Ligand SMILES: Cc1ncc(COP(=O)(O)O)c(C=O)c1O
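Heads up, the chain below is alone and in the form predicted alone; it's given as structure tokens.
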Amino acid sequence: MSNARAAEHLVYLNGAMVPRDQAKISVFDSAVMLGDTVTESTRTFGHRPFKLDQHIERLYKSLKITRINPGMSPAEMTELSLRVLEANSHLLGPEDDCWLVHNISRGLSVAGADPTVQRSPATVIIFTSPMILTDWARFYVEGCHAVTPPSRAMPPQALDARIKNRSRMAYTLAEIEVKLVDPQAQGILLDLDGNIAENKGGNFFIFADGLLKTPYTSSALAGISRATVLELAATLGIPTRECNIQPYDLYTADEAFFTSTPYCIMPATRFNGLPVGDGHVGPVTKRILAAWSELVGVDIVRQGLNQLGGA
């Protein structure tokens, strides 16, 4: 982004709209000192935010559990979020979309015996970022390679995955292990019992025995994209089931895919080196992707492929 465009790009930070390059926080903020931050990421379709109310609702659940006081109500947070989106809408081309991201920390942190004390108002950051799909777009057509790392998902007894937070070290270390197997692979974390849990930023589905199956949310984020797939499946008459899924079930499934905010659905056509089903993106996956595109009025696959230069 050019310097002129960066100056036009506004970020909400602690009560003020500031140019992106001036959006700075203290090195002593709990986000830096402790990774003590909750987060949400919403995307737009046709410049309109998708399920923003549900993202804000989940954000406030995370804030309640972590005991961070953002200093505003959910309605005020929603209104402010729409203001940030509107302030940056002129930066989007007709076919472009963007992220709308919330990062909220406990504020200033002082090293000492009690890290839980909120010693200042919370740090509230809201910003937009271009929705760049180039890393994922080819997987709509080819499918990706799903790989299980040796590292396991954080057990819910230590940190409930439903609290969406910025403490990403466990995910990053697991993803390093995945990339050693295949630099283009997408990771699937297993829980301590060997069940499929989640991806570093999304949920997982398989289609097998005539059922669309997804893991319980005991060890996985209760994804809004996950919920959207379940809603679309019901509309399409595709039976669904929440259940434990073992690697065996994925090896022998007919189809598989990830779900996450940016790409919505990412088909997986290989698992730990073996083909899933016939090794091609399956018909159920394509039906749900098409239904999602119809729901939001944007051809999701074409949008991604256009960023690669091929529709």
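From a predicted model like this one, the values you see are computed outputs, not experimental measurements. Sequential numbering from 1, following the sequence displayed.
Below, we refer to the form predicted in complex with the ligand, which is not included among the displayed structures.
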I need the one stretch from 256-264, 66-74, 270-278, 22-30 whose residues put non-hydrogen atoms within 4.5 angstroms of the ligand in the model of the complex. 256-264
Test of understanding: in the model of the complex, would Leu85 fall inside 4.5 Å of the ligand by heavy atoms? no
Should Ser105 be counted as a contact of the ligand in the model of the complex, where contact means heavy atoms within 4.5 Å? no
According to a 4.5 angstroms non-hydrogen atom cut-off, is Phe207 in contact with the ligand in the model of the complex? no
With heavy atoms only and a cut-off of 4.5 Å, decide whether Arg138 touches the ligand in the model of the complex. no
State the residue from Lys179, Arg168, Arg152, Arg119 whose non-hydrogen atoms include one within 4.5 Å of the ligand in the model of the complex. Arg168
Within 200-228, the residues having any heavy atom within 4.5 Å of the ligand in the model of the complex are Lys200, Gly201, Gly202, Asn203, Leu221, Gly223, Ile224, Ser225, Arg226
